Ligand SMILES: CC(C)(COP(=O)(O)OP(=O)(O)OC[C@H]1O[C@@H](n2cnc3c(N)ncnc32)[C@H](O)[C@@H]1OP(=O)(O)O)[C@@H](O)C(=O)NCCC(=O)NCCS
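In the block that follows, a single chain appears as structure tokens, in the form predicted on its own.
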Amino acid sequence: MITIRPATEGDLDDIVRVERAANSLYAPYGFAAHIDALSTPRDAVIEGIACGLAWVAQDAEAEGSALVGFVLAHACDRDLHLDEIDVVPSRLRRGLGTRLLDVVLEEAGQRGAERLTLLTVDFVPWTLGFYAHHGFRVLSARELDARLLDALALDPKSVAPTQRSFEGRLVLARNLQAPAGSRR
């Protein structure tokens, strides 16, 4: 049985393991030598835990009640931003990513966020379909605020690909609040 619960600092090593396993899926797309460079900084995970914006999926039936997924977000202005969502490859296509995303969407609603934003790539086949299925859409350049434009800024000095150093990145958003004067 898999349960979703708030992450704790005691989960950090397992979160790293889950993310590395999930990142291995990107190896065929030119990232094989750079998997570690794509990992979320521990400080960001610790901050997410402290802010109540990090959750883990735990399999109580697995040896040691292993973690099999995690999700991390952060608050920014009137939005929540999805930093990372990972599921170990052996547990893909079983609804676990959806359950993790639903936890973030619920938290965003409780916090009164206007939308949930995220960055993804256009060259990995499953990302856009997953997010579109859950109501996200690609934002056009004119819809990007300063924070999102900064998140897309390329770092030409970067040797290893990172979330800020390669082409093909997109910003997606799902609106959570109805605009003033409109009906839901």
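Note that the structure is a prediction, hence the values are computed from the model and not measured. All residue numbers refer to positions in the sequence shown, first residue = 1.
Only in words, not in the display: the form predicted together with the ligand, which the text now covers.
- Not one of P6, T8 and R42 places a heavy atom within 4.5 Å of the ligand in the model of the complex.
- Although the partner is absent from this view, A151 stays clear of the ligand in the model of the complex, with no non-hydrogen atom inside 4.5 angstroms.
- At a distance threshold of 4.5 angstroms between non-hydrogen atoms, W126 is in contact with the ligand in the model of the complex.
- None of the heavy atoms of V103 is located within 4.5 Å of the ligand in the model of the complex.
- Contact check for C76: no non-hydrogen atom falls within 4.5 Å of the ligand in the model of the complex.
- Checking L119, L139, A66, I49 for any heavy atom within 4.5 Å of the ligand in the model of the complex turns up a single hit: L119.
- Contacts between stretch 83 to 101 and the ligand, counted in the model of the complex as any heavy atom lying within 4.5 Å, involve I85, D86, V87, R91, L92, R93, R94, G95, L96, G97, T98, listed in sequence order.
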